[in-house]
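Given as structure tokens, the chain that follows is alone and in the form predicted on its own.
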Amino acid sequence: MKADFTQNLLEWNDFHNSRALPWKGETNPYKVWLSEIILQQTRVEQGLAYYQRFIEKYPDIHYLAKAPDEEVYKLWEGLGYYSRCKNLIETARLISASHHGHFPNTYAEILKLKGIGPYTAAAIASFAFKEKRAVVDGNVQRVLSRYFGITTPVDTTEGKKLFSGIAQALIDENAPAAYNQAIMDFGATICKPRNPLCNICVQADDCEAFRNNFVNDVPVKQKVMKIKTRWLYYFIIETNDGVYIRKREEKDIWQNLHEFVLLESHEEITDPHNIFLGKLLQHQSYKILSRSDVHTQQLTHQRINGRFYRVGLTGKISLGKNYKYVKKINLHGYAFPRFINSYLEKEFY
């Protein structure tokens, strides 16, 4: 069955795989790495434009390493999972300074780099250095669980070990890069999460899930994701032609991005300004200029709700060393999370 699976997959790749992506066939480890980091937790359709903008602005790893943090975060803005951007910057600077711009060329060494896990290391090692190292992502787990009828949960230690072992056993000895790209494309275009194209699938005759009618029941996940709800009330304190912002430095969502003055709650507050602004502004007179509707954003493990209040003051105030006073016309130069940008673009600029 192994030989049939691999042969069928590679033949499908040669004659039927029409999925066009700018990084397919790429052997430059910098470009492979960049594409893989961008595509972590990101749909290909969204990641494409970001990849192209990054390559255009930073054509090699030295350009990225020399770029100011704020510039890179601004270019990343909207992709989410900002720890990826932080690790991208740190790894670029390490490789540029300590490795003269050359990526480590083995899976084991690549895996040591910050922000790179087994999947990304396998992708770089196989695509850039032709190492026989199988990639295992959600697409691969789905294809293998259906083909072999595996019901072991993919998110357990046992499941991860099982799928990794099967994937490594299936990889083609002479064409590891082609095999890895093929199985990822196959999972994305044929063996899809919903409405898989079993009627044209070259693996259907041997697919356990198809033959026994449980295609939609695998892969199995054991853990149930708990969603945390947060209410964020942002106060855009305006005086003259500027506002106050700070950088989020805590290990939390949106680390290293900017925000306005924040009051956070676990539940909705009817009039948050009444219990917050008086103390914050030390009883200085203020005026609520506007209150937004409720804005929402769904993150992987969190649901973010909130409102934006524009607050008018007659003069500047001190909000502590973490805040800076910024001209409104210069706000475009700072990286904000999408939750804030969605408000700014619709109701502020």
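Don't overthink the numbering: it's just position in the shown sequence, from 1. What you see is a predicted model; the values in this text were computed from it and never measured.
Just so it is clear, the following notes concern the form predicted in complex with the DNA, a form of the same protein that is not shown.
Asks: Any chance all of 222, 253 and 338 sit within 4.5 Å of the DNA in the predicted complex, going by non-hydrogen atoms?
Replies: Yes, because 222, 253 and 338 each have a heavy atom that approaches the DNA to within 4.5 Å in the predicted complex.
Asks: Whether residue 287 contacts the DNA in the predicted complex should be assessed with a 4.5 Å heavy atom distance threshold; does it?
Replies: Result no; residue 287 lies far from the DNA in the predicted complex.
Asks: At the 4.5 Å heavy atom threshold, is residue 204 in contact with the DNA in the predicted complex?
Replies: Outside the cut-off, so no.
Asks: Does residue 42 reach the DNA in the predicted complex, with heavy atoms at most 4.5 Å apart?
Replies: Because a heavy atom of residue 42 falls inside 4.5 Å of the DNA in the predicted complex, the answer is yes.
Asks: Though only this chain appears here, would residue 301 touch the DNA in the predicted complex if you measure heavy atom gaps against 4.5 Å?
Replies: Answer yes; at least one heavy atom of residue 301 falls within 4.5 Å of the DNA in the predicted complex.
Asks: So which stretch, 264-272, 232-240, 67-75, 186-194, is the one near the DNA in the predicted complex (non-hydrogen atoms, 4.5 Å)?
Replies: Comparing against the DNA in the predicted complex, the contact stretch is 186-194.
Asks: Just one of 115, 104, 176, 153 has a heavy atom within 4.5 angstroms of the DNA in the predicted complex, so which one?
Replies: Flagged contact: 115.
Asks: Would you kindly say which of 157, 199, 212, 98 lies with a heavy atom within 4.5 Å of the DNA in the predicted complex?
Replies: After the contact test, the surviving option is 157.
Asks: What residues in 81-101 sit within 4.5 Å of the DNA in the predicted complex, counting heavy atoms only?
Replies: Result: 81, 82, 84, 87.
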